[in-house]
Ligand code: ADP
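One chain is shown next in structure tokens, namely the form predicted alone.
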Amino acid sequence: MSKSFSNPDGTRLSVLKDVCCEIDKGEVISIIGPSGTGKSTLLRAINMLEPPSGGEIWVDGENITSKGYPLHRLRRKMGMVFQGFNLFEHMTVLQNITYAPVRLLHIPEDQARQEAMELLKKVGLSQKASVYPDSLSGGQKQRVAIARSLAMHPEVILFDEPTSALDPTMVGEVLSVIRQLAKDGLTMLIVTHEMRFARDVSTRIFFMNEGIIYEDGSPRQIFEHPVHSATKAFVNRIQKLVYVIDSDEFDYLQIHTGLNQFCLKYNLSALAPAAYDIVKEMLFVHLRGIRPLTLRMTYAELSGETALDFMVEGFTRSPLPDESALGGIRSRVKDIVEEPTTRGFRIKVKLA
């Protein structure tokens, strides 16, 4: 299957290039890869929201790309959850969920309401049935969108970056619902940037790059033994926040704010208080007067390891006054590693 679009200058932009795969019932496939590599376009093509430019798509023995194929039949088999929720703002939560089953599946209204309430209970929102979407948080809206998709009794659900539009504090509640659906055996394709989630929930991973499925394998293969260097570089991403402190007149409030934003962005809020306290103690007590100093907070998306690095140049051994200086910190963290580097010495405090 391929997909291309016309540019304003008349040229063609090729987004998908000869994508070929088979998906079995009950599989949970996470689609990962850099932005702009065709992940969302692949989902939209599978659902015929963006009909492919070339090739064919077969679902349950039927070529859905053939001329005259009744797409309403596909819509009943395949649900889709978008990153933008797409709820009807003028309808209550309950009405949002019952509208399509009543209109398209001709399910009696009483039955549709009963099933909708069961679905709302499943996603933890039964108490929100009578409210309108504008009173919900982003995470709650996305859970309603999932319930609405499930109300059509789909055989397959496509998730297009379901957490990308959410505040980091709301990501977990949506991912927990998707995890439960995976346990229930529903066939799902999920475009996601949440690497730990993809590894935990999937039976299979597609790594997409440059418009093709670059690598296709089990979570263990993709994350621990990737074949291609591009896959390895992507899954081993380490996010970091860096401050260079070259005098005692540094702005600690700026550092505090930066740590808070970093923790929020990567759903590490539970670690934020410990990070604040340790940074303050290290900079104002144990490493006071030792400048320049580089402070770095890192988060490895694959392993989940989160750490604070305090790096000083020109030292061949620990800059701490004595070995007991970190005793109070050691009891509050996972581990502390002190080691020389090519440029100096590093104290690595592992928070998780």
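Just so it is clear, the structure is predicted and the values come from calculations on it, not from any experiment. From 1 onward, residues are counted along the sequence shown.
The same protein has a further form, the form predicted in complex with adenosine-5'-diphosphate, not shown here; the description that follows concerns it.
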Exercise: V15 in contact with adenosine-5'-diphosphate in the model of the complex, heavy atom 4.5 Å: yes
Residue contact check: E50 to adenosine-5'-diphosphate in the model of the complex, 4.5 Å heavy atom: yes
In the model of the complex, G36 touching adenosine-5'-diphosphate (heavy atom, 4.5 Å): yes
T298, heavy atom within 4.5 angstroms of adenosine-5'-diphosphate in the model of the complex: no
Option from 39 to 47, 298 to 306, 313 to 321, 57 to 65 whose residues, in the model of the complex, bring a heavy atom within 4.5 Å of adenosine-5'-diphosphate: 39 to 47
